[in-house]
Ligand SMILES: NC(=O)c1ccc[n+]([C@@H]2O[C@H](COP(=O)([O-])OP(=O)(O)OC[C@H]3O[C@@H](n4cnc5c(N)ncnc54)[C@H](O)[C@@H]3O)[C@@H](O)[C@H]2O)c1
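A single chain, nothing else alongside it, follows as structure tokens in the form predicted on its own.
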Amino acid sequence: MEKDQDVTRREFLKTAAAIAAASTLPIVGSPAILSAQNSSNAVRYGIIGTGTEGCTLLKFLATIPEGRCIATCDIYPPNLKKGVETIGSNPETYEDYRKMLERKDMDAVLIATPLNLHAQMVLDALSAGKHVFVEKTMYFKEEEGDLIRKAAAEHPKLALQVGLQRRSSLLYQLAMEMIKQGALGRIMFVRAQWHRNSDWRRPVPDPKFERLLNWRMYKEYSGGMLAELASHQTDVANWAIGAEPISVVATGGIDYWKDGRTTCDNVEAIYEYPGGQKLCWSGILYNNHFEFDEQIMGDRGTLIITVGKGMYFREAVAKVSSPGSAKENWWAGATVSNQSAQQGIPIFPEAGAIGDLSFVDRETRFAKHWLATKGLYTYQEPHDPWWSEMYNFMMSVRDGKPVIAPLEIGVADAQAVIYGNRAVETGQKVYWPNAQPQKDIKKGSKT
């Protein structure tokens, strides 16, 4: 019985061989391309917004010699001061981002401001001839998507990257290669959640700064939980399924924190995709039990993944009966017992086929997986996805490499947020424009 519950060498080697087949494919941000670069032609950049998210980016940027911060901008003096301290250099500071954009010696701009400001700042930065990194969600209002598309088309040589860090994660990239190679079979369902037990507030030294510092909690500046949390996970679902949603139903409310906020403290949404796949997302601010992850489910297996951890669960062969399915789960190789099907196998993005490893390296990798199944080993990516995200952007600007999360990914992500919020507000099913039934109910007001 205990033997069935362990990851045996036979099972491990067959699974690891398939994982290796995925991990030998090119992965953006892998150690092979993260070697030291000549910093004499470093990208000169400025950042707009040096609050919590902006300083998170600056913390990683400070370790990337391929970029040099020459300017920071924030309208709140304590944040401006914190940004300078975080980057550890001597950038020129601004309160008006438009003045900063006038600099001829600046190559790129990073935007980490409240969501309602994103679109105009992206447009202004592109117009000024700057490469742009903009935090998710890329824009706030539906009509802003076409404006950004037009501006980007008018400046095809400028990089435009959206801040969806999971796109830069080696672990997520490996998971998507596993999906591409059929490890999960036919994907039909994604479940994701982001649960917290907090009021989501930030300290305010003076009441006059309430909306400036707690902008996420007010509809005129923010898309709420769907924009700040679900946007990462709807992007993962889009990536895994290989499509964008066509409709969404959702509910939510301000049911726990009665403190003057106007964005929800709980949201539950179901997104439908063209092939009938569903994404079920929940976010709450009064219980932290499940925290956050994405569960990607197909007829041959399931991936449960979050930043820093991924587990693959095989479906028992007897349960693989969808039209066109193979009789045997090729990913697991042998017949799978019900117990071992539920045990789960940790996934690590370690490049190289098993056959090319030495005996010691092969045994070491087996040991890691065995220890991981016992909860005694946790995989850590060689670089934090935030770091890789920043590095990828610098390489896009400096060397013309493709951006990791380009315009259309950002558009799809923003639409999922906007239409999800519309469904919450109207209580009606909301369709994507191209999927709109001819006799559909009238849309609610735009968010």
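A residue's number is simply how far along the shown sequence it sits, counting from 1. Keep in mind it's a predicted model, so treat the numbers as computed, not measured.
Missing here is the form predicted in complex with the named molecule; even so, the following discussion is about that form.
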property: Selected contact from R167, H131, R314, H232, since only one has a non-hydrogen atom within 4.5 angstroms of the named molecule in the predicted bound form; result: H232
property: Heavy atom within 4.5 Å of the named molecule in the predicted bound form - the one residue of I254, L147, L117, L126 that qualifies; result: L117
property: In the predicted bound form, segment of 275-283, 260-268, 71-79, 296-304 with a heavy atom within 4.5 Å of the named molecule; result: 71-79
property: Whether T50, T113 and E228 all lie within 4.5 angstroms of the named molecule in the predicted bound form by heavy atom; result: yes
property: The named molecule contact in the predicted bound form: W386, any heavy atom under 4.5 Å; result: yes
property: The named molecule contact at G54 in the predicted bound form, heavy atom, 4.5 Å; result: yes
property: is_contact(L158, the named molecule) in the predicted bound form, heavy atom dist at most 4.5 Å; result: no
property: is_contact(P349, the named molecule) in the predicted bound form, heavy atom dist at most 4.5 Å; result: no
property: Interface residues of 266-289 toward the named molecule, as seen in the predicted bound form [heavy atoms, 4.5 Å]; result: none
